[in-house]
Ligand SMILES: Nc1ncnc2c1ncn2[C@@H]1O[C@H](COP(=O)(O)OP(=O)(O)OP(=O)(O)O)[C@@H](O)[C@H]1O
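Before any questions on how it binds or moves, here is one chain, the form predicted on its own, in structure tokens.
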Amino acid sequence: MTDRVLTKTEPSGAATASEGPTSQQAELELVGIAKKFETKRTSTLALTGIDLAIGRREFVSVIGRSGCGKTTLLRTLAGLVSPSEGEVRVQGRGLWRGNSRDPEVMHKFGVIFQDANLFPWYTVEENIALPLRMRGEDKRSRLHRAHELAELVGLTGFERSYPRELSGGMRQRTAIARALSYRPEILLMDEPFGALDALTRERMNLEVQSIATTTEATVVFVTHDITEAVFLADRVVLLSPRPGRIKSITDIALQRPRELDLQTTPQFQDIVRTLRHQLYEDEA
């Protein structure tokens, strides 16, 4: 049986019962998801009993201990792996049709990983515009879009630079801009700032908050950093140790836009402390 706790953090810091969006309201929905990895020698159940509805324009962070299935969950959402059981729905439409993914649904996703995965022989503008080039858009329109996005992510003036000439944070900004190039409705981000230093990571948190607001995208953000998860999210989903189940869902009722000083407030620290306790309470 899934141990699922729903909490909502009010301005007072108290926790009360909460419900997420209904199936009819959901932009993105996981229904009865389980994922088992099979090899000749082993069978590993990574996820089981996952039911989650995510609303339009909602920012959801996913946290949990190493090996709990966070990345598997995101890759399942993105259609990169198929669920062993259950269904992924986007705006009420199934992601999978038998063994094939629905291309119309797939075009709604922009996916960003920890490694920026830029092509070193392409400039910033060429990397950003690459998905548009693959979709057959003419050079003028795709470079215009690349320059729009470079401005959005703070890369104006670096459009003709190569990845080797950029800092880690700038490379990740380029990867985010590339994912936004074809205007996806849903952004899926797998620990995108995990390799960055602390100061750059803080700046990127502010940037991604601004980008989510500007683009009005629905965001699912996987991270191992509880502070980052709380700072960015409307709701934080905590997965249990493997096999990953939803252990708790915490609503973050903090005013937006959020500044870094918010992290020093008692209210913010109370939320982080509660989630940290939930994260480790099953340890022997």
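A residue's number is simply how far along the shown sequence it sits, counting from 1. Every value quoted in this text rests on a predicted model; they were computed, and no experiment measured them.
Note that the form predicted together with the ligand isn't included here; everything after this is about it.
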Candidate from N127, T72, S181, N205 lying within 4.5 Å of the ligand in the model of the complex - any heavy atom: T72
Region of this chain that lies against the ligand in the model of the complex, out of 51-59, 212-220, 250-258, 33-41 [heavy atom, 4.5 Å]: 33-41
E159 within 4.5 Å of the ligand in the model of the complex, heavy atoms: no
Interface membership of E185, the ligand in the model of the complex, 4.5 Å heavy atom rule: no
E191, heavy atom within 4.5 angstroms of the ligand in the model of the complex: yes
In the model of the complex, C68 touching the ligand (heavy atom, 4.5 Å): yes
